[in-house]
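What follows is a single chain, given as structure tokens, in the form predicted on its own.
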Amino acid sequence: MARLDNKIAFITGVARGQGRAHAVRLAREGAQIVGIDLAGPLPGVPYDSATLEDLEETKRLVEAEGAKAHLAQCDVRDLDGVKAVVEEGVARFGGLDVVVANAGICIPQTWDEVTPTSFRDTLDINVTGVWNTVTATAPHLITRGGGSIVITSSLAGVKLQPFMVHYTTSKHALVGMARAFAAELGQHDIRVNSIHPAP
């Protein structure tokens, strides 16, 4: 029996990178996967955005591990959209146990290159998007009797990272958010942790 048999995990930013890696590993451990990704152009980022083809490849890789996947194109900034996909996944698989709030962007800029738009987009996706994710999923974990929420911060959430004031701000904010949610959701046997990957 795998560690996560009969568990259901919801992952944001699931189309590639860390999100895909989380999906494949959790599937290998026995979980069914629900996930979302913008799978389209991201605002102002200096790297290629994930695509619908990437999202389909993640689904294929999850299913190759013997798990089922309900993956959808959705923007973490859209709370109603996130709630709808979560509810679809819960209806299909019967509940929710694990949440990985992974979606985020990084736009390297010096302090005087940061614009109101790039600052707002970074905070909207990296911070509000995580708040939306937890807000949409926590009620289902409570119904399930507990679970785990993992918030992807960054090394920039614990240590100064120059040339990205907006990104560093957003990732520090996630540390406080994780602690605040943990304080309130702990009574429901829900663990909330932030993780801090480096480049």
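Predicted model, so just to flag it, every value in this text is computed and none were measured. Position 1 is the first residue in the sequence shown; the rest follow in order.
What comes next is about the form predicted in complex with a small molecule, which does not appear here.
**Q** Is R77 part of the interface with the small molecule in the predicted bound form - any heavy atom within 4.5 Å?
**A** Yes, R77 lies within 4.5 Å of the small molecule in the predicted bound form.
**Q** Using 4.5 Å between non-hydrogen atoms, is I105 touching the small molecule in the predicted bound form?
**A** Contact with the small molecule, yes.
**Q** Is it the case that L26, even though its partner is missing from this view, gets within 4.5 Å of the small molecule in the predicted bound form, heavy atoms only?
**A** No, L26 is distant from the partner.
**Q** Wondering, does V134 line up within 4.5 Å of the small molecule in the predicted bound form on heavy atoms?
**A** V134: no contact with the small molecule in the predicted bound form.
**Q** Pick from V62, L38, A31, L141: which residue has any heavy atom within 4.5 angstroms of the small molecule in the predicted bound form?
**A** Comparing distances to the small molecule in the predicted bound form, the residue within 4.5 Å is L38.
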